[in-house]
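Encoded as structure tokens, the following chain is the form predicted on its own, with no partner shown.
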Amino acid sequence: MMLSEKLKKAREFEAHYGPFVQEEHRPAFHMTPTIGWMNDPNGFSVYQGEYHLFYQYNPYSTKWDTMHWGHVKTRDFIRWERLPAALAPDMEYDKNGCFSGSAVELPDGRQLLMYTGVRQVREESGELCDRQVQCLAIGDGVDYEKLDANPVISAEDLPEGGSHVDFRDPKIWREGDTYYAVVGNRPADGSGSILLYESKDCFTTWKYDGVLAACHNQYGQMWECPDFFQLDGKYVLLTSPQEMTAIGLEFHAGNGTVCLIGEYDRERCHLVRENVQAIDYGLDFYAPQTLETPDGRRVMIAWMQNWETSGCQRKGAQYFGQMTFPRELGVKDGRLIQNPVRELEACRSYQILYKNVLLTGLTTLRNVKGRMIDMTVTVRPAVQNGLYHWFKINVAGDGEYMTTVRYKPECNTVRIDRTHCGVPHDIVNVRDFLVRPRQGEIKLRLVLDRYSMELFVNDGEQAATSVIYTDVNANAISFEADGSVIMDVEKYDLIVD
């Protein structure tokens, strides 16, 4: 297989400069790029018994630029093996970028990548714009060859009014002998929709089936990065809308995420909605993608960042971007449930356990500290039928800096707040969200990995993710209450070999 000059250049660059990034400057078990810039996860899939993850990648800078595909793989979602860059923008139809996409294992043992190719064209109006098409590449888990048939889905395959400028991020899967793909698009009303395509002739010729789901300007505008799957007897569609308008405490403004749960009408190729919710309620979460493990779990990973804060980078860092820790998904009572994959438990050590701690002010607990921890805190009112005003957990503290999780039972809200985490920029640092009322009881699980905090509320009923900018030496943890609470704390250090 002949490699293009652009791909060889990218591989040589990352092989030379990647080893200079010291591991202690990376998170221990959250995936980061070899070198340079990373955003959306791509091609999260099982191939020959291993989990492969590709990602939007600019090896040459910590800023977004012409997109390549980076590549890693893992057996346990903890330890990631770095592989050479998989795709470079080296064809006429993708010369301005290999945008997001997905992957599937073929019956003959090869791996198929499906991605959006982008090239800039000048319209009749004189305006320069991106022309987006869907393309394929086939390989052996390391090297990939783009198909002569590319592009396989283009403007001619769009429904009336569909945009060829906003037409991207295919998620492919196979059912029997038929391949399906969902693709994000902007229809004539200027909002967002998810289009469904199918192929019965070995994936090179595709037929448009219909609109799986449409926004109608209700939840943001262009819908990016779709993923569609069956889970616990329901069908789930994940997507990431641009230009969201805030809706209460459920959806925040800007680039957000939406989960639609319901039934699938196969005749109409349409998802019948039963519930719409945010996927993650934190500050840094976008473009999630899932896979199904051999033991039947649906596992999700996402870019742990948002576009509005992507200019906030640690001084001198040679890479930018990290992924969330993979999460196991479920559907319960019509809502999405998510928790860290169970493989994380093998990294736990040095258990610290406190039971029935009476808390009425600010306190610390002996040996409860750290920046690589898995900690669950359960809180309940100290007085029967009496509510306290609020409860806080302060992490990544050193007397000057800290990041806070606060629960207010009277209004059933949780707040994550990194205002004092040391970031010297005017960015969004606070986010509130509603939780299910439980008479002042709440269970908060925090997973910290040097530069991040992932919060899971009430056994995964909600999750909230945040990058932390504080120096890793700030590792103090404290607890605080306005009122009287009873608190249980179970804390583990996380050690990755």
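From 1 onward, residues are counted along the sequence shown. A quick note: this is a predicted structure, and the numbers were derived from the prediction, not measured.
There is also a form predicted in complex with a small molecule; it is not shown, and the following applies to it.
Residues placing heavy atoms within 4.5 Å of the small molecule in the predicted bound form fall in a single listed stretch, namely 96-104, out of 134-142, 319-327, 96-104, 263-271. Checking Met67, Ala464, Ile35, Val447 against the small molecule in the predicted bound form, a heavy atom within 4.5 Å turns up for just one residue: Met67.
With the partner removed from view, the residue among Phe391, Tyr219, Tyr281, Tyr286 that has a non-hydrogen atom within 4.5 Å of the small molecule in the predicted bound form turns out to be Tyr286. The shortest heavy atom separation between His71 and the small molecule in the predicted bound form exceeds 4.5 Å. Contact annotation: Glu454 falls outside 4.5 Å of the small molecule in the predicted bound form, judged by heavy atom distances. The small molecule in the predicted bound form is not approached by Arg186, whose heavy atoms all lie more than 4.5 angstroms from it. Residue contact check for Ala85: none of its heavy atoms lie within 4.5 Å of the small molecule in the predicted bound form.
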